[in-house]
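A single chain comes next, written as structure tokens; it is the form predicted on its own.
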Amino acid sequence: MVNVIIGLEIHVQLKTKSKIFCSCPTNYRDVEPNENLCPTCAAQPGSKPFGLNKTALDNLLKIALALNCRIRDSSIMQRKHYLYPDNPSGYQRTSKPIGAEGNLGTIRIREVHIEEDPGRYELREGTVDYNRAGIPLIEIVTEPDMRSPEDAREFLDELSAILGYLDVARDEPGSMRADANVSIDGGTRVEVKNINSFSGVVAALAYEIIRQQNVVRRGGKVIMETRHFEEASNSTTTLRKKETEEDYRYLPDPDVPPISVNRAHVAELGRKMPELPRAKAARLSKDFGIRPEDAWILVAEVEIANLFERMAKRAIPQKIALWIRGPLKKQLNYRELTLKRSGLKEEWLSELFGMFEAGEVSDKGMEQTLIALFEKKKSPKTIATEMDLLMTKDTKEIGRIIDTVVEGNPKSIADYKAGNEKALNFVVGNAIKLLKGRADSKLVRELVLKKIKEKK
């Protein structure tokens, strides 16, 4: 069996109003290219950086505390030198570790430090947009404690949940990127750069493990290099020879004052920390009697965990948990949305579940109403009425449909009378389909059987 060793370097854009060393706004996605720009973040000659953004440092400290890191009293900014079009100064400002020796479950955290994000370079077009240059960015470096792509996914899922609970990171696609270091059987380590999604991390690692196995199997030797993940083909390609620390020529940045961490301030941040996913999952399972595996899925997104907790006070908790992790999460995942970004109001979801519990809509009707809710954004009762999805108890209407189905399927009726139970299911299914799922299946079955007995 192959021995896989994986370590991750996760880059997270911090949630701040201004950039790390200047007052330019951070809404780089909402403006024209190179609009949020000043002499500092464009690295114009003679420009000097401001002191480190305090909100960015506080956000880093919260993350480091959540990852059980030892917080250092001080740090310095360094210049990490590399020449690339997205880096106007020729170096990236990056700090020495501020948090270190932490852990998330069984995965050890080597360090947490802060740096400035570079601009966006479009290689094929040859254009550079510096709006992103200077966005506060932290890097979380793990020890090589993961042994499979699935381990990496679980770690990233929990880390993402923690960031959501802390409300310290930008919540938009591409704001959290990962570099993966992977080796097999104690061999040479290969780095895969700038993977922009969790599913991408799993795909990149799976591909790279097989690629390295094939190199060794053919008698070759895995070389130390940096590779690029190709999302379209779920493969990796050679980017460049792997750099070492010496290649970057790190040196202290003389323009940025040393970073001083106040111990009393760190203690205050610690006292104000919210309940984090693991603790919340344990409490929800205990307080509401739901299965631990359901609780863990619910706490992956703080808005969903809070939705469950409020709804569970008004209905059977386990049923609520199954509905949220089932139909609701299914529709959110299909649209690649979080509950926060979906625009769905809590009162709508509570009303919809209440309608289902009261028997006003069927399973299918509830899901169809939920799907429409993403677009129509109004009361589920109104939507269900407009779409003719409300359950009917009108036995005359049901009876007319059953008459039509029984009269129209003489062979199925004969087969059922001859002992073929599936033939009855076919007739009942047709009746439910014509009723658009608006009648209780048990009632429909009883009425079909009654009609068959009458028809001799």
Partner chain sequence: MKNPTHQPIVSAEENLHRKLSAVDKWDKEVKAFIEVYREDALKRAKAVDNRIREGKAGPLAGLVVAVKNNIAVKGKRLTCSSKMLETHRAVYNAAVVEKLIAADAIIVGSVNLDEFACGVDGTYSTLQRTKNPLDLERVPGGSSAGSGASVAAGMCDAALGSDTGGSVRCPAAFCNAFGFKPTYGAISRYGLSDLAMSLDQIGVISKDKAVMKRVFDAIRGTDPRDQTTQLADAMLRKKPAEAKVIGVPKEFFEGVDKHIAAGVKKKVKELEKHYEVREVSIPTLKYTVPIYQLTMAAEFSSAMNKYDGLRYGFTGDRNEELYSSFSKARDAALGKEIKRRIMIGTYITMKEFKDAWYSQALKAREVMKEEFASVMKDVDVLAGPAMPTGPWKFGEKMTPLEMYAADMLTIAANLTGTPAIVEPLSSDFKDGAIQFYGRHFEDDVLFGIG
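Here the structure is a predicted model, which means the values were calculated and not measured. Residue numbers count along the first chain shown, from 1.
Note that the form predicted in complex with the partner chain isn't included here; everything after this is about it.
> Every residue in Phe155, Ser183 and His228 with a non-hydrogen atom within 4.5 Å of the partner chain in the model of the complex?
No residue of the spot touches the partner chain in the model of the complex.
> Given a 4.5 Å cut-off on heavy atoms, tell me which of 400-408, 419-427, 36-44, 383-391 is the interface stretch with the partner chain in the model of the complex.
It is 36-44 that comes within 4.5 Å of the partner.
> Would you classify Glu122 as touching the partner chain in the model of the complex, given a 4.5 Å non-hydrogen atom cut-off?
So Glu122 does not count as contacting the partner chain.
> Should Pro254 be counted as a contact of the partner chain in the model of the complex, where contact means heavy atoms within 4.5 Å?
Looking in the model of the complex, residue contacts with the partner chain include Pro254, since a heavy atom lies within 4.5 Å.
> When the contact criterion is heavy atoms within 4.5 Å, does Ser89 count as touching the partner chain in the model of the complex?
Taking the distances in the model of the complex, the answer for Ser89 is yes, it comes within 4.5 Å of the partner chain.
> Using 4.5 Å between non-hydrogen atoms, is Arg70 touching the partner chain in the model of the complex?
Contact with the partner chain, no.
> Can you pick out, from Phe198, Tyr207, Tyr250, Phe374, the residue that has a heavy atom within 4.5 Å of the partner chain in the model of the complex?
Selected option: Tyr250.
> Could you check which residue among Gly187, Gly354, Pro97, Pro85 gets a heavy atom within 4.5 Å of the partner chain in the model of the complex?
None of the others qualify; the residue that does is Pro85.
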